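Before any questions on binding or motion, here is one chain by itself as structure tokens, the form predicted on its own.
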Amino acid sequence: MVTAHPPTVRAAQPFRFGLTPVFLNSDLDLLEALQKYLSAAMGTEVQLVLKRTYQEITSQLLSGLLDAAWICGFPFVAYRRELELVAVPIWRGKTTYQSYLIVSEGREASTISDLRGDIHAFSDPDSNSGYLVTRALLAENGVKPQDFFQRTFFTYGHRNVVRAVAAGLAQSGSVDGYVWEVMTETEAALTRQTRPAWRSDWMGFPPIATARENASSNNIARLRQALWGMPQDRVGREVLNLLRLDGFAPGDPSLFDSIASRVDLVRTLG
């Protein structure tokens, strides 16, 4: 006699959301609150996937290993045909931010020309504010970083750029202005040892993105609603407070046009 067994029911796969410490601080309270909020708001298990670099996050997003990710404007425009915008953070009432060139406090410097010959700290090779903006500034004068700076290195974290300049490991650095400003609230003793020597124009804030073929899925629709609804939820407000953000907006791809122009400029120089 053959015993019938009930069909195996597979558990729903968790929604995989990618993050990188290049942009976010891997604060346990923040990660716990973010996972708790997204899981409840989306009605499904959300798994936060942390990677060290934007390249790792972007490649996993493009290959389908991640459902969505908080990336940077640089990879977003570099893969504009493959990626779809989900939401853009709102910071101080805007969906834009700036890149800063920082130096040690007390140093006389106000343009990139003043940094010639420095040991310079970058954040990530796929970061807009932590690399591309400076690269484009130099490209405007037909110069590459290796011909302008004495030496450069990547810290793989905007906070690490600030730490490197504050500690004297670098004489200058390229950093996300939002991160530097937030650090003035949370780590004032550290940022006090540095100062912005130059600020860029306003550019599209690092966005939440998904692969284009995934953009019309129910999970992405739920993610959008969860992000937009954060200010109305207690845990959502806790997450926003930890991030020092006002909320999230639908955003428009045109926010990133100036970043795309910088990509084109750098590519022209080679």
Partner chain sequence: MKASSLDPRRWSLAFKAPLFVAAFMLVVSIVMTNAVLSRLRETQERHLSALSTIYLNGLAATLIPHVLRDDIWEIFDAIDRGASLEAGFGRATIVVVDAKGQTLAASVPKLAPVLSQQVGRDQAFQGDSSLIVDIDKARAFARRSLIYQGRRIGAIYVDYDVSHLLRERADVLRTLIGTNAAIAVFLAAFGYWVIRWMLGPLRTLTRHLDLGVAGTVQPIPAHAVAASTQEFGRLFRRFNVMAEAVNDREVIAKELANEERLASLGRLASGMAHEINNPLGGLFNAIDTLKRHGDKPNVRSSSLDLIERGLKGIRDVVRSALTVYRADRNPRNLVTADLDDLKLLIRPEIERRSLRLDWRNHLEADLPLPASAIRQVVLNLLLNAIQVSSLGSQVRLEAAVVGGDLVIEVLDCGPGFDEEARSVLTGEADRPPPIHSRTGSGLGLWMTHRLVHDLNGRTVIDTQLDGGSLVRVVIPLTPAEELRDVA
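Predicted, not measured: the structure shown is a model, and the values here were computed from it. Positions refer to the first chain, counted from 1.
The protein also exists as the form predicted in complex with its partner chain; that form is not presented, and the subsequent description refers to it.
Distance criterion of 4.5 Å from any heavy atom to its partner chain in the predicted complex singles out F153 from the list W91, F153, F148, Y79.
With a 4.5 Å cutoff on heavy atoms, G168 counts as touching its partner chain in the predicted complex.
Put simply, N160 is close to its partner chain in the predicted complex: some heavy atom of it is within 4.5 Å. Although the partner is absent from this view, A164 contacts its partner chain in the predicted complex, with a non-hydrogen atom inside 4.5 angstroms. Contact check for I119: a non-hydrogen atom falls within 4.5 Å of its partner chain in the predicted complex.
Of the candidate stretches 168 to 176, 195 to 203, 93 to 101, 125 to 133, only 168 to 176 has residues whose heavy atoms lie within 4.5 Å of its partner chain in the predicted complex.
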